[in-house]
Structures are given as structure tokens and as C-alpha cells.
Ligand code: SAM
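Only one chain is included here, represented as C-alpha cells and corresponding to the form predicted on its own.
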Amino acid sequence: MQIDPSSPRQAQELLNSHGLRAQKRLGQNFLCDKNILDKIVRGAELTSSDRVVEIGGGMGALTLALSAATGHVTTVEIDQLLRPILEQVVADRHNVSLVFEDFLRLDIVKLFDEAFGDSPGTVVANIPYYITTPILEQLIIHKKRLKKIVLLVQQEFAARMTAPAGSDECGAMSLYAQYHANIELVGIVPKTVFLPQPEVNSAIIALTPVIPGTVSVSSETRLFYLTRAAFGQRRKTLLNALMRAPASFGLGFNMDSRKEVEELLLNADIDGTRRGETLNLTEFARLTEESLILHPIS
């Protein structure tokens, strides 16, 4: 009889049979709902020939759903205590490879080479909030290897990643992600479908990487320096935020020179009395190009 970790009762029995419980320090909340699992798999738009890296195997509920929909799944799980459960759950799935390591400590190039071969692959992850940002950043760094990224994250994080310019949720990280990928909110996931139940709801987001990016810029480095400077002091006007940006942001021009920053904004046709968070990516791209004319990167 096939073990079904998507059943809350069977998931709890699995934990009990191995003398285990969800570890709070690892942010463990096991997803136990077939409908949500199906929604994640559909969001990944998998075919039978695709190859997937799953981050956070847990007890294998999502692993089973992925393995039924695609050619091969490489599941990375940090918790060694879950090894006997995962091995038991996927014992008859010959298209599943298990890796018991910390994803953030792995050689990701090697992992993707072994998991995907020469073709781009898909990453699907159910990850705790406290490591969502570093994992997303690593995936973006290696986005040329990826056709799709599907993440189950806290609803608040999903709102930031999909936030439009000018909204309270939009920040420098929002624009960073939106530059590197087209981002879609696949669905909201109620907290009641997890074991144990977390304090907040979650959401599924799907990212389709865009190479080089969703707007055209001559320097991604300068673009993100400018977005960081603009969002670094949200209550200030864009003129004042750029003038007072920390030197470590490396904008390449004299931040104390009001005249120079005014010239930059004038050339980019951007009103310096606006707040930085009201600018969209297209406007930041225009600002980037004008800053490079005034101060080329040496």
C-alpha cells in the first residue's frame, strides 16, 4: 500500500512511527493537501521529459506529485532525520534522486548539471520564510539554467514579489526579482493545510526567467545600485534619496552634489520630488542609462 504523506493523518502517523516532530528551527510545516499539491505542479507547467530540482522534500508529498508529472526529480532536503521517511515514501519511484544537504551550501552548478544535464530545468520549492530571499537570489544568479521557478512562500513575501510600483509592498527586492523574471501569483494557500499549522497563510508564485532582463539596461549593477538608493530612504524624495545614498552603493557620482543629481533626473525626465518607490522598472532603466552617460563605469 502506497504511503500518502499528503494525508494529514498518514503524515502524522509517519512522524510518530519514526519518533519525530516538525522542527521549528528549520521552519518545518508539512503541506498536506492534494488540491494544493496539484496546483503547484500545474504552476510548474511540467512535461514528461522535464527534469526538476525540488528544494525541501519534507516527507515527500510534493516529491510524489512531481515525480508523477515529469521525467526526473532531484529532491534536496536539509533534515537528515527525515531520510528514513523520504526513502520509504519514494521507494517505488525510480525517477527520484534524494540529496540530503543544505541547498545554500551546495555547489549549485554541479547540482544543476547532474539534475538537468544540458537542458534548462525547473525548480520547485516549499521553503521556510527565513531562507526564502537567499534561495531566490541563488536561483536568480543561475537563472540561465532554469525555465521555471515555482515557490511556496509566505503570503507576505509573495505580495512583495508581485507588487506594482507605488504600492506599499513594493521594494528594492521586488524590482530585483521583477527584472529577472516574469512573476505570477498562482494561488493563496490557507494555513490550515499544513502540519503543524503555521501562523500565517502562504502563496504559490511562479517565476519565468527573462534573459537578460525584463527591461533593457547597459549595466545591471548600476540599475540595482539606483533601486537600492531610491528605496533606502522611502520617506524622502527621489532627489534627496539619491543625494544621501551611502557611498557603499557605488553610484559613481558625487552624492553631495545637488546640481549633479538634478541634472541626472532632468535628463531622465523624472520628477525629483517623487518618492523613489513610485518609479517602475522602465523609469529606473531610463535613470540607469542617463547615469551611465554622466558617469560611465570605468
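It should be emphasised that the depicted structure is a prediction, and the values quoted were computed from it without experimental measurement. The first residue of the sequence shown is number 1, and the count goes up from there.
Unshown form predicted in complex with ligand SAM; subsequent notes refer to it.
Heavy atoms within 4.5 Å of ligand SAM in the model of the complex belong, among the stretches 259-267, 41-49, 54-62, 230-238, to residues of 54-62. Across the proposed site, Phe30, Val76 and Asp102 without exception bring a heavy atom within 4.5 Å of ligand SAM in the model of the complex. Residue contact with ligand SAM in the model of the complex: Leu98 places no heavy atom within 4.5 Å of it. In the model of the complex, none of the heavy atoms of Leu151 sits within 4.5 Å of a heavy atom of ligand SAM. Not displayed here, ligand SAM is kept clear of Val89 by more than 4.5 Å at the level of heavy atoms in the model of the complex. Ligand SAM is not drawn, but in the model of the complex it has no heavy atom within 4.5 Å of Ala68. Between ligand SAM and the residues Ala177, Ala159, Ile131, Ile204, the one pair within 4.5 Å by heavy atoms in the model of the complex involves Ile131. Between ligand SAM and the residues Ala181, Val189, Leu139, Leu82, the one pair within 4.5 Å by heavy atoms in the model of the complex involves Leu82.
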